[in-house]
Ligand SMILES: CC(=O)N[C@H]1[C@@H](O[C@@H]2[C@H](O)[C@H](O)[C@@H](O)[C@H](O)[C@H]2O)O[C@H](CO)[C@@H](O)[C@@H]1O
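To begin, one chain is listed below as structure tokens, in the form predicted alone.
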Amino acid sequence: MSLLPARRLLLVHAHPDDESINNGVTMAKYAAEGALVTLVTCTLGEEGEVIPAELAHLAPDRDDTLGAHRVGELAAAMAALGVTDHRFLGGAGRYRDSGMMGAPQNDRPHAFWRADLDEAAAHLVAVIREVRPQVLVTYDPNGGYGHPDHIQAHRVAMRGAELAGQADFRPDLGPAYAIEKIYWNCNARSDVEEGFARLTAAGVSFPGIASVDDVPGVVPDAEVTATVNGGPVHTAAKTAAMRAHYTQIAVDGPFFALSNDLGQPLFGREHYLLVHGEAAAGEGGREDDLFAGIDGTAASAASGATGVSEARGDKDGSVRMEEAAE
């Protein structure tokens, strides 16, 4: 008999490496504090561009083995972040990377972009009802920057959360469960501008430098709902996780570049927009904990373990696995 920790965080991402770039600090912080951090990745990232010349043969127009290689990169990244619960939506290879918007790959039969929404969401419902997360993190409706798989991951995450709470939807997947808080990734404009100022002053060796407009999901500071600051330890874990995705990311200290060779700042603070649930902002008007305001989780954060009791749980706040599978 096993127990679910009192705090449970679910993240839904499109490709391997998206989780480390967007949420590496957040994942490392909560995993280190004893929360259950579950990552669902929707594709293997088969259509990614390969940075190291010695691995160019993995590319989809050559051996087409990049997806299998990126599974290993993702496993290494999860080890760096201390995350032990990772799944591919519907199983590894169920959905293929769709390529950039308008590319011929969008129309492949198994492209994630073409997936039936409720069918794909049902795979996520099974995960939600199993691990019973209080908090879900995913992209905004534009997927951050308009990639079809990111947009579809947003749709699947939001639809999955909706269907998981409906008792008449697929009762074979377990009892209905409602997620208390849903956040979308974003980037605070002031942090992005400061990061690029540091990058310009540092004179690192990337062939070029990106711009603020190249960073997905930049919003005015006033719109940010929550900020997770992991400090140097969890920022180092994020950096190591990004390095693990070495076919996709070149890391140089506190900066990185994708296949376009344009340097970007690597952020040690990660920002979110709360779109479902009640905010519990502290001083300064922002939450500094994604679990803020959720009963039975505050003591867990302090102890690094299971905390106080919650509905359907034990006295220590944990939830018995067999309850989730009733």
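Note that residue numbering begins at 1 and tracks the sequence as displayed. Bear in mind the structure is a predicted one, so any value in this text is a computation, not a measurement.
One more form of this protein should be noted, the form predicted together with the ligand, which is absent from this view; the next part is about it.
Trainee: Can the ligand, laid in as it sits in the model of the complex by superposing nearby C-alphas, fit this form, that is, is the pocket open, or is it blocked with 3 or more ligand atoms within 2.4 Å of backbone or C-beta atoms?
Mentor: Open: no clashes with backbone or C-beta.
Trainee: Note which of 222, 178, 197, 100 lies within 4.5 Å of the ligand in the model of the complex, where distance is taken over heavy atoms; exactly one does.
Mentor: Of the candidates 222, 178, 197, 100, 100 is the one lying within 4.5 Å of the ligand in the model of the complex.
Trainee: Which of these residues, 280, 258, 273, 32, gets a heavy atom within 4.5 Å of the ligand in the model of the complex?
Mentor: Looking at the other structure, the residue within range turns out to be 258.
Trainee: In the model of the complex, which of the stretches 147-155, 72-80, 186-194, 225-233 has residues with heavy atoms within 4.5 Å of the ligand?
Mentor: In the other structure, the partner sits against 147-155.
Trainee: Just to confirm, residue 263 within 4.5 Å of the ligand in the model of the complex by heavy atoms?
Mentor: So residue 263 does not count as contacting the ligand.
Trainee: Would residue 47 count as a contact of the ligand in the model of the complex, using a 4.5 angstroms cut-off between non-hydrogen atoms?
Mentor: Within the cut-off, so yes.
Trainee: Answer for residue 134 alone: is it within 4.5 Å of the ligand in the model of the complex, judged on heavy atom distances?
Mentor: Residue 134: no, not in contact with the ligand in the model of the complex.
Trainee: Might residue 21 be said to contact the ligand in the model of the complex, defining contact as any heavy atom within 4.5 Å?
Mentor: Within the cut-off, so yes.
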